[in-house]
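One chain comes next, on its own, written as structure tokens: the form predicted on its own.
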């Protein structure tokens, strides 16, 4: 039955019939950021400077000044973030259709594979096996790759070695297929990027960015608590900050699931 009264949604949350799961890391100065080759531009960690805290600078109030990259912490990638999406209309965070900010999610559990192999790549075969059990991924849905990577401590989160990062992600074929054949709204991960740590060696390099943003789709990364979501049935609220010409944004990602 279609929900025609929005208050029914609020009542369902208040009663416990629906549950809200926070998929967001706390933004802090020690949260790891993407590290690129040294000849390229780098993102600085979050900086938080107190303006006043009930003191001479402001006796009755507390507030901070923050500075951070658009792609820091749990964050959203818009199409304009990547060269394949740079010429698409409405590709920055301030112009995205707001209807896309609330959508169903399919959660593919790759936690065992990622625990056994830091460089695990999600393949079409993995997704087809998931569909055999949970049903076909429909157009306009998020696909979230659960790896439990978010449970690592910050020292191991980026997993940087001499040859770069070693983190799980999708392979080229599955990313192209999810975008072109399944019509997904976007792809989300628990790692710093939507691509694997070694994805610069794939063809095309960084296929999640390449195919998602070239088709006007989105990325979410640095998610957490994906183990609290069902394989399907959750609704994700992912609304980036409305930054002028923004390529992405930190955001609070919430999921609504059936209550327990």
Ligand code: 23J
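Please read all numbers here as calculations on a predicted model, not as lab measurements. Positions refer to the first chain, counted from 1.
Omitted from view is the form predicted together with oxo(2-sulfanylphenyl)acetic acid (23J), to which the following refers.
- No member of the trio 182, 185 and 217 reaches oxo(2-sulfanylphenyl)acetic acid (23J) in the predicted complex with any non-hydrogen atom inside 4.5 Å.
- Only one segment in the set 97-105, 143-151, 81-89, 163-171 has residues whose heavy atoms sit within 4.5 Å of oxo(2-sulfanylphenyl)acetic acid (23J) in the predicted complex; it is 81-89.
- For the chain shown alone, residue 77 is a contact residue for oxo(2-sulfanylphenyl)acetic acid (23J) in the predicted complex, at least one non-hydrogen atom being within 4.5 angstroms.
- Residue contact check for residue 71: one or more of its heavy atoms lie within 4.5 Å of oxo(2-sulfanylphenyl)acetic acid (23J) in the predicted complex.
- A residue is said to contact a partner when one of its heavy atoms sits within 4.5 Å of a partner heavy atom; residue 210 fails this definition for oxo(2-sulfanylphenyl)acetic acid (23J) in the predicted complex, lying far away.
- Contact annotation: residue 202 falls outside 4.5 Å of oxo(2-sulfanylphenyl)acetic acid (23J) in the predicted complex, judged by heavy atom distances.
- This chain appears without its partner; in the predicted complex, the one residue of 229, 224, 46, 206 with a heavy atom within 4.5 Å of oxo(2-sulfanylphenyl)acetic acid (23J) is 206.
- When you look in the predicted complex, the only residue of 235, 51, 34, 66 with a non-hydrogen atom within 4.5 Å of oxo(2-sulfanylphenyl)acetic acid (23J) is 34.
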